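Just the one chain here, laid out as structure tokens, in the form predicted alone.
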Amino acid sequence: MAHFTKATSLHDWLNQRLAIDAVRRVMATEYWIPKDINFLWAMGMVLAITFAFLLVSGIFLLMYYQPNVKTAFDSVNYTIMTEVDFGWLWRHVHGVAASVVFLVIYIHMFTGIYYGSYKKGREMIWLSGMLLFVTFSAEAFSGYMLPWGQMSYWAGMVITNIFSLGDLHLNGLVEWIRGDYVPAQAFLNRFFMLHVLLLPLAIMGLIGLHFATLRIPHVNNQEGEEFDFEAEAEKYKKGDKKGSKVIAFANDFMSKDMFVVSIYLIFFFYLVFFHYDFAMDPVNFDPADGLKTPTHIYPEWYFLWSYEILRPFSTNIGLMAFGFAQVIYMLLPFLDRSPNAVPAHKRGAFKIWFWLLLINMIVLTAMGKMPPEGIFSTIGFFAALSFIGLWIALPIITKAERKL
């Protein structure tokens, strides 16, 4: 039986029942962060803030959105944009955040790769982060369907057709996903439910898991230095804050995080008020029409790299390449055979591999927006082959890396 004493204050009353002092100590004041980090380590907080924007703006949009194939387009483009006070603002915030969140995710992801934040006991940090990436991707795709414009309809048609798996002709599976032979009311209902309920709950759960995975192995640092966190924490608690190699998450590291977040918010609201159109495809301002195919169908920019890996090949090979691209990042901790958990600039061949991969991703993204013809088709083909080749080469070059 738990022992309770007469509370001396509301704080004491809550502490006896919820252990709020212990929670604050474990999650904040005695959660230790290396001093040797830069602004890139704040991307996790930036992502959390952006997700909060998506959540709040989504709730306001949900009040007026109508998930019906006959009224969805008008509810977004007329009701929300012209009849609801500040409806335009909430739509701009939601649209910009949905696009910018992927820019921050890619920065966060490649920062983790560069600094080896997936190695030596940190595998679960990487795996939970990649699960978040996949879930955010599903959330973005389901949300792209909801305005029920031309690109919403035809992107939904093309992406769901992938599940027929080429020569396996699993058309029954495609129809089961859509709830019909073509995207229609059942399709919109399903993606509406996924977007506003199931996937946001999954994202919130995975965010909790991701933060939990950071707690035991601790955050990595710029030089990959391994040191005794407990010993350094003792220095900090005894007042030697200058000599300690760590700082407390709250409020030392949080103050640095908030500075980076404030700079990010200037950029974010600049886009919201002056360049929101970058996040909205002009073709999607035409109502969905199943009898009128757009000249060139393509997904949002953050999916273009994997879309371009699908396009240059025949159907079956393209699907295999596309599947390869979807899972290969998840396997990074097991494909990197090096014993070194240090930044890429200390790892010789891996440094070259990293920059080639980043350039390759940019080229794939650029080519994915172009029509698949002429020089664009050729560049896309070789970029897709290079992507696959880089990942095949990774275990070989890291296995040969000498221990530092």
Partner chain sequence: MRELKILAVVVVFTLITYYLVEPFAHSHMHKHVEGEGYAYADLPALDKKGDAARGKELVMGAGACTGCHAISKEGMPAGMDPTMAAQSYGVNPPDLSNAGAVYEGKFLAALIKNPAHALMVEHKFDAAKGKMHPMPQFYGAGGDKDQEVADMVAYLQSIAPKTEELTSEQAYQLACGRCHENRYAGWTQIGQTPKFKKKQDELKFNLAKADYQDALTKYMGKLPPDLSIYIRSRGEHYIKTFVENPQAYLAGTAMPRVGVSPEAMDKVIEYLEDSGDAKRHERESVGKKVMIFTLVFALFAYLWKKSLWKELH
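Positions refer to the first chain, counted from 1. Note that the structure is a prediction, hence the values are computed from the model and not measured.
There is another form of the same protein, the form predicted together with the partner chain; it is not shown, and what comes next is about it.
Novice: So in the predicted bound form, are M81, F269 and K369 all sitting within 4.5 Å of the partner chain, heavy atoms only?
Specialist: Yes, all three are in contact.
Novice: Can you pick the one in T315, S137, Q222, S164 that has a heavy atom within 4.5 Å of the partner chain in the predicted bound form?
Specialist: The residue from T315, S137, Q222, S164 that makes the contact is Q222.
Novice: Of the options V26, I59, A52, I362, which one has a non-hydrogen atom that comes within 4.5 Å of the partner chain in the predicted bound form?
Specialist: By the 4.5 Å heavy-atom cutoff, the listed residue in contact is I362.
Novice: The partner chain isn't shown here, but in the predicted bound form, which of 211-219, 323-331, 280-288, 193-201 has heavy atoms within 4.5 Å of it?
Specialist: The contacting stretch is 280-288.
Novice: Could you tell me if K35 has a non-hydrogen atom within 4.5 Å of the partner chain in the predicted bound form?
Specialist: Heavy-atom contact with the partner chain at 4.5 Å: present for K35.
Novice: Would K256 show up as a contact with the partner chain in the predicted bound form if we use heavy atoms at 4.5 Å?
Specialist: K256: contacts the partner chain in the predicted bound form.
Novice: Considering non-hydrogen atoms and a 4.5 Å limit, does the partner chain approach L265 in the predicted bound form?
Specialist: L265: yes, in contact with the partner chain in the predicted bound form.
Novice: Does any part of F227 reach within 4.5 Å of the partner chain in the predicted bound form? Heavy atoms only, please.
Specialist: Judged by the heavy-atom cut-off of 4.5 Å, F227 is well away from the partner chain in the predicted bound form.
Novice: Does any residue in 241-255 get within 4.5 Å of the partner chain in the predicted bound form, counting heavy atoms only, and if so which ones?
Specialist: Sequence-ordered list: K241, K242, I247, N251, D252, M254, S255.
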